[in-house]
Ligand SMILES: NC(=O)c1ccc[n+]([C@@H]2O[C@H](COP(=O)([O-])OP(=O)(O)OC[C@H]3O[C@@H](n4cnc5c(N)ncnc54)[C@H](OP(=O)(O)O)[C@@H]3O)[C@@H](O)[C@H]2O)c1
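Heads up, the chain below is alone and in the form predicted on its own; it's given as structure tokens.
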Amino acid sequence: MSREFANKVVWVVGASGGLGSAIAQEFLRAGAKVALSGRNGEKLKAVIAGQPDASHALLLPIDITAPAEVDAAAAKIVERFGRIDVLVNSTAVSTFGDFLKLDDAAWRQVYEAKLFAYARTMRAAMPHMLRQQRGAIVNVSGNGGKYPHFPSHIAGSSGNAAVNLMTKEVSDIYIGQGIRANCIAPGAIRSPRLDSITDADKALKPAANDKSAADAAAEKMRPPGAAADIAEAALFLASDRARHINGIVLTVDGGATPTTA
């Protein structure tokens, strides 16, 4: 197995989730020193349990909606490892439902856990990257931010679209200072969360005998991918192999998203 991230320090935010845990494990296998952040400390311990390079991991349970905790986490990473080379943001919030029934609190929850959280972690990590004039940021959004698929995921899709735009802006601003920033837009990934979205869409179906937009989207999204597909994409975008890739949204969905020539 390649050890291309040996001596690199990677901060994975959302590492207790399905995608984040797979990403953190993949970086550990690639030789990186990995800081894992997430709300649930026990889940973080489970992510590294049995990993051959678990001694290279730093567990940082934090609330990403609390700016002071995010800043403190970045400081602890630098104190332990001396630097931050890669930041991967992979958070998600399960806020699904009818647009007319999603109140302001639901929308704020989505944006706090996605757009605002990603902005916080980038503000915390980037000064360290700028000092070394080198760094890579990978933000996991979702392909609904480009082409909405699930009617019940309207809040999450709009949050993903905002992440895509913010990432592109950051890539443009810091292009001459050694920092690359890219997004990964996963399609349907096998997980309990996908089941929740599908169930929420079915609840929006207008009539028992009608095929809803949700059904059509579900057919188009099959077969779903695996968390490992996203992890491998994250490693590539963070690596020197992607040194000339900056400011893109990489769709990883098995070809489900329609495109035009």
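Bear in mind the structure is a predicted one, so any value in this text is a computation, not a measurement. One rule holds for the numbers: they count along the sequence shown, beginning at 1.
Keep in mind that the form predicted in complex with this ligand is missing from the display, and what follows is about it.
S.K.: Among 75 to 83, 88 to 96, 122 to 130, 164 to 172, which stretch has residues with heavy atoms no more than 4.5 Å from this ligand in the predicted complex?
M.R.: It is the stretch 88 to 96.
S.K.: Can you tell me whether residue 16 touches this ligand? I mean in the predicted complex, with a 4.5 angstroms heavy atom cut-off.
M.R.: Yes, contact at 4.5 Å.
S.K.: Contact with this ligand in the predicted complex for residue 136, defined as at least one heavy atom pair within 4.5 Å: yes or no?
M.R.: No, residue 136 sits far enough from this ligand in the predicted complex that none of its heavy atoms falls within 4.5 Å.
S.K.: Please tell me whether any heavy atom belonging to residue 59 falls inside 4.5 Å of a heavy atom of this ligand, as the geometry stands in the predicted complex.
M.R.: Taking the distances in the predicted complex, the answer for residue 59 is no, it never comes within 4.5 Å of this ligand.
S.K.: Please tell me whether any heavy atom belonging to residue 113 falls inside 4.5 Å of a heavy atom of this ligand, as the geometry stands in the predicted complex.
M.R.: Close contact exists here: in the predicted complex, residue 113 approaches this ligand to within 4.5 Å, heavy atoms only.
S.K.: For 43 to 80: residues with a non-hydrogen atom within 4.5 angstroms of this ligand in the predicted complex?
M.R.: Going through 43 to 80 in order - heavy atoms within 4.5 Å of this ligand in the predicted complex - the hits are 43, 62, 63, 64, 65.
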